[in-house]
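Only one chain is given next, in structure tokens, and it is the form predicted alone.
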């Protein structure tokens, strides 16, 4: 882990990627890129109905647009995410479909289209092994799809429990448990019923258990999966914890408990949050800023507390809708905004007294 106590940190803009003609909703780093000589690849999706694939040039270090995925979705593309192997890209759209893309013979092809949601699909997520896919939407439902051979997908469960638009679905990083957050101010935890294919809501995190008081926009897990961070329209981010040993023993009912609320840092809606493998929480907000938080060393008596590491004012010209750390390059961040741009950032340290 980095020592956050002694160093001064700066978030440096490496490159601004332009090409989208409408707001950028989501960004996603392709797994196993940006390491071992493989050029880094990041995808972005937009209100312009397209997905762009950006690849870093080994020669210059700059990202270039390598592909534009278009003419498949007919409305805003709200969410994009790579399968764990990096072989497939899933994109969720307001046209009520989720598309699956594969890089075949030098081009990205749409190899499958998942239909079933009544209207806008807001988010899509792969489980850790790439065997399950989850989607959610404005129709208040969460769908779980089994990934079959030959790019076939079968819906194994439709989960009804939220009373409003579901903003995001996210699988736990090590256990096949699904999390969804909603306009109904809650986070729901979904687990499989023993040996059957049925899924149930194992827990609802809401106001009654120190949860959010307004729309929950996003959530993210730390590297070990024993903590989760959520962000909301109530201007707070919240940290939740579970007993990871109990969870990994196959107990989907291992409860999540609220351990800390970060308030007073944001004065506009927090749309996006992502937890880096090194323990840095990044937030993207409607005030155009990016903030980084880390666990504070001095809060151990009543459980962990978190402090602001830095705030990057005017990170974008408009709302920051998406932030995501690169899985391999621990101090590299991508962000997407209503201003139509994607930005690549590096977190650097300027240690005091070092020349």
Partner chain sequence: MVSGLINANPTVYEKKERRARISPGDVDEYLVEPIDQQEIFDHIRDIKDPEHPYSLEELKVITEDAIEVDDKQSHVRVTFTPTVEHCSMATVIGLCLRVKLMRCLPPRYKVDIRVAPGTHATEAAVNKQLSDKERVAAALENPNIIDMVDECLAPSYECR
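Predicted model, so just to flag it, every value in this text is computed and none were measured. Positions refer to the first chain, counted from 1.
What follows is about the form predicted together with its partner chain, which we do not show.
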| query | finding |
| --- | --- |
| Option from 145-153, 170-178, 263-271, 102-110 whose residues, in the predicted bound form, bring a heavy atom within 4.5 Å of its partner chain | 263-271 |
| Heavy atom of residue 256 within 4.5 Å of its partner chain in the predicted bound form | no |
| Heavy atom of residue 75 within 4.5 Å of its partner chain in the predicted bound form | yes |
| Contact label in the predicted bound form: residue 345 to its partner chain, heavy atom within 4.5 Å | no |
| Contact test in the predicted bound form: residue 296 vs its partner chain, heavy atoms, 4.5 Å | no |
| Interface residue in the predicted bound form among 185, 127, 230, 283, criterion: non-hydrogen atom within 4.5 angstroms of its partner chain | 185 |
| Residue (of 165, 278, 226, 192) lying close to its partner chain in the predicted bound form, criterion heavy atoms within 4.5 Å | 165 |
| Non-hydrogen atom within 4.5 Å of its partner chain in the predicted bound form for each of 13, 29 and 327 | no |
| Contact set, 118-136 vs its partner chain in the predicted bound form - heavy atom within 4.5 angstroms | 120, 122 |
